[in-house]
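We begin with a single chain expressed as structure tokens, specifically the form predicted on its own.
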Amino acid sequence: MIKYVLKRLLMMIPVLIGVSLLIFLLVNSVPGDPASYALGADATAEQIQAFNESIGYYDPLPVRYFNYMKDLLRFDFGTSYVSRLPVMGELSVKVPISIIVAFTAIAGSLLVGIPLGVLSAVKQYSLLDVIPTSMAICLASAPSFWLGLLLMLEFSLRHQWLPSFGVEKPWWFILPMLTLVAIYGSNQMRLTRSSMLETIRQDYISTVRAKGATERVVIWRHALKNALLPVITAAGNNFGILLGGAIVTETLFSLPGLGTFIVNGVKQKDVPVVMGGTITLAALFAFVMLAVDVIYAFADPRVKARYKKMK
């Protein structure tokens, strides 16, 4: 297992280099120069030229990329062209917010989706199946901004129980979390249901029942353990997506997260911001996928056996 983890960590290096090169080329292919975005329309030609020279904009593209990667080896993501603040300092504020939002959303979706999915599969075609499944389909189809606005209207404007924006206190994350849990929890519920239905029809489940095991033991000890594998995969993918992809929710609730940070950098052609945010996001996603593979080993003995063969 340790050898496998170390190998995966080493494989992240070329992946991150490839991501950095691709994003660098894409950002620099956008029309316009950074000074025009950073200084605004009132800047003179001399100011624009001086700013571009100070950031090395007129250097050849390979030279600029090499200089950036050289600084990156020292964990220096550069300075934002717009805010004039170190990108590393801004990331240290925005990344924890995105991690909190993503973790609470995925944890809540699993706590809601897995029990309802199991119940729906065990009670197939009954009201305990039809009602949760119908609600899950409706919530999964709802746009996040619409659902967030409804929650904001009900809990912030009408009853004034929760704040509608900001991150000053822990409970300020409740409305964004509820918005994402409703959507992702619905998807997890439907995935758990379909996986459980497929698992409980397997021959080994019939064998366990024939040996006299109770239905609770059959479902929770034998069937659920194998049915969770696709659920774990989906949860890991969704966690990685939410780290930088919950842009609508972050914008709606004014959360200064990583996704909004990157999008604003793209709009302003702020190369250090886009590069630093994207590389950080790629690294976090790679670590999440590694964690999912390690969890697999504890959920499925067959996966753990393959890890042992790699030694």
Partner chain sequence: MTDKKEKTKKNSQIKEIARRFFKSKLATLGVILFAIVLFFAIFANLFGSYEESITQNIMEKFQTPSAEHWFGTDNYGRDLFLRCIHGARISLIISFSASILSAVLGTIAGMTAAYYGGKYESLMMRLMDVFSAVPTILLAICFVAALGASSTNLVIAMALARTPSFTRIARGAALTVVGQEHIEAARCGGTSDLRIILRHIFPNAMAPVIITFTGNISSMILQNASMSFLGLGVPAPAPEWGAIISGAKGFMRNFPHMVWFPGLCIIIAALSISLIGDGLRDALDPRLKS
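Just so we're clear, the structure is a prediction, and the values are computed from it rather than from any experiment. Only the largest set of C-alpha atoms that superpose within 1.5 Å between the two forms is called the rigid core. Residue numbers count along the first chain shown, from 1.
FYI, the form predicted in complex with the partner chain isn't displayed, but the following is about it.
Although the partner is absent here, residue 50 lies well away from the partner chain in the model of the complex, with no heavy atom inside 4.5 Å. At a distance threshold of 4.5 angstroms between non-hydrogen atoms, residue 92 is out of contact with the partner chain in the model of the complex. The closest non-hydrogen atom of residue 112 lies beyond 4.5 Å of the partner chain in the model of the complex. Looking at residue 143, you'd find a heavy atom of it within 4.5 angstroms of the partner chain in the model of the complex. Taking a 4.5 Å heavy atom cutoff to the partner chain in the model of the complex, the contact residue among 216, 169, 158, 74 is 158. None of 83-91, 97-105, 149-157, 206-214 except one has non-hydrogen atoms within 4.5 angstroms of the partner chain in the model of the complex; the exception is 149-157.
Remark: none of the three candidate residues (175, 185 and 228) comes within 4.5 Å of the partner chain in the model of the complex, counting heavy atoms only. If you take 104-128 and check each residue for a heavy atom within 4.5 Å of the partner chain in the model of the complex, you get nothing at all. Once the rigid core is used as the reference frame, the Cα position of residue 30 differs between the shown form and the other one by 2 Å or more.
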